[in-house]
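Next up: just one chain, as structure tokens, the form predicted on its own.
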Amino acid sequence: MIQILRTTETEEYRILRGTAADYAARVLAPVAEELDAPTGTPFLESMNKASELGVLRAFVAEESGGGGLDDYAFCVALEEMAVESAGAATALLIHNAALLPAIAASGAPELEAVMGAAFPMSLAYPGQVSLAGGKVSGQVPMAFNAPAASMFTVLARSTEGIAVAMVEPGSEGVEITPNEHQMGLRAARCGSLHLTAVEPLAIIQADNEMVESLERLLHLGFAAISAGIARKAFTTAHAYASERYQGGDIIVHHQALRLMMAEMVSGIEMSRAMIKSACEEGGLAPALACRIEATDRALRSATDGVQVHGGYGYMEDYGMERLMRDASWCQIYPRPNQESLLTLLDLVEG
């Protein structure tokens, strides 16, 4: 059995990792291909079973019925889930990110319905949305969880600056168009959102710090999901290489392939170490850096895994092409890696 090296963790995190890994293997793995199908069924039943992990409301305090998790604990759970379904892990990440502004502004009576919203919530960000006269209008080209969302968290521009509008999908003026040709992370169904003078359920006054916290969580989350994708790429490729004969020997003994496998392991360890460090340090810059590195490494591992399988790597039966599609999408949300690199440079330059 292949053992992936692990960043030193406390017993609390090790227990959570084991519980999340068991949930992913028991609940997500059997339906992973079905969830990824372009017309696959929603996975609400599968995700509702995740409540035992405390991840459906990860950042809500335990005394209020949430998981009370910190950033690293949440990343641990996302990584383990992404090993079996990166799309399901993405849906969970977006749901919790959509809850974040309401958690920060908790105490307001109008937010009670938001805090109790069913899974999944959708985060309509980034996009071009404005708030005027208490109503929101604009477009968001890509919102995960949109077709099945119970609530939308919409970041809008107003004369006072940034505001967060909580919008119910059935409200007048809300138009949702599902993405019928989603390339990757398909379990977290995407859709475009068009808003025309929509009256929100609640409006939360935001600031740059709240937006930064939201972006930081997204970057950390997709870094963790990418680490899970890279792990799956490695174990799947190694298992295949341990059975495939070529040139009179199983190909896992070929030095060129072993170097490729070693690069995969190195990438996994580097990503995990950066995620742990970024969670401990705080701030946007470390989160940006680890997401850029982890997503690049995940795509490289998935691409190499396809090559290990040869022509079979492009077939849906072996699962490698799904990992490649998922890793590619992790590189573009909430903003493409090249744009993230420029943002990172701006932060360093002060």
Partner chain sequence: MFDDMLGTAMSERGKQLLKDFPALQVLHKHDRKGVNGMIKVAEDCEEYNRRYAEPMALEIDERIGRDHDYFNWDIVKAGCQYRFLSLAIPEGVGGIAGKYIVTNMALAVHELCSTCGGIGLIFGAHTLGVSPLITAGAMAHWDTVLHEIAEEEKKGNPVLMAYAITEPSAGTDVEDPEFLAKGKIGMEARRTKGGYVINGRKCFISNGREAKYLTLTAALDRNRPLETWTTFLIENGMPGYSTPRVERKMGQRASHATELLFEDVFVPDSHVLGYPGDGMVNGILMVMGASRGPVGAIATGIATGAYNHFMAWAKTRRNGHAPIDEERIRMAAADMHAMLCANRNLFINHALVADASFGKVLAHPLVNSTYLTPRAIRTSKPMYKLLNSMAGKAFINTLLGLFISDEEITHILALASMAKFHCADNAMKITSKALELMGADDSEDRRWVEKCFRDAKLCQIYEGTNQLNRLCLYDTEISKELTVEIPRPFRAPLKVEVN
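Numbering follows the first chain given and starts at 1. The model shown is predicted, which means the values in this text are computed figures rather than measured ones.
Keep in mind that the form predicted together with its partner chain is not shown, yet the notes after this line are about it.
In the predicted bound form, its partner chain lies within 4.5 Å of some heavy atom of G310.
At a distance threshold of 4.5 angstroms between non-hydrogen atoms, Q205 is out of contact with its partner chain in the predicted bound form.
Although the partner is absent here, G248 sits close enough that one of its heavy atoms falls within 4.5 Å of its partner chain in the predicted bound form.
Using a 4.5 angstroms limit between non-hydrogen atoms, S328 touches its partner chain in the predicted bound form. For the candidate spot formed by H238, L344 and G350, no residue has a non-hydrogen atom within 4.5 angstroms of its partner chain in the predicted bound form. Exactly one of the stretches 134-142, 261-269, 163-171, 74-82 approaches its partner chain in the predicted bound form with heavy atoms within 4.5 Å, and it is 134-142.
Contact with its partner chain in the predicted bound form, defined as a heavy atom within 4.5 Å, holds for exactly one of E62, D317, E281, E45, namely D317. Proximity to its partner chain in the predicted bound form, defined as a heavy atom within 4.5 Å, holds among L299, A50, L69, L28 only for L299. In this stretch, 187-210, the one residue having a heavy atom within 4.5 Å of its partner chain in the predicted bound form is S192; the partner itself is omitted from this view.
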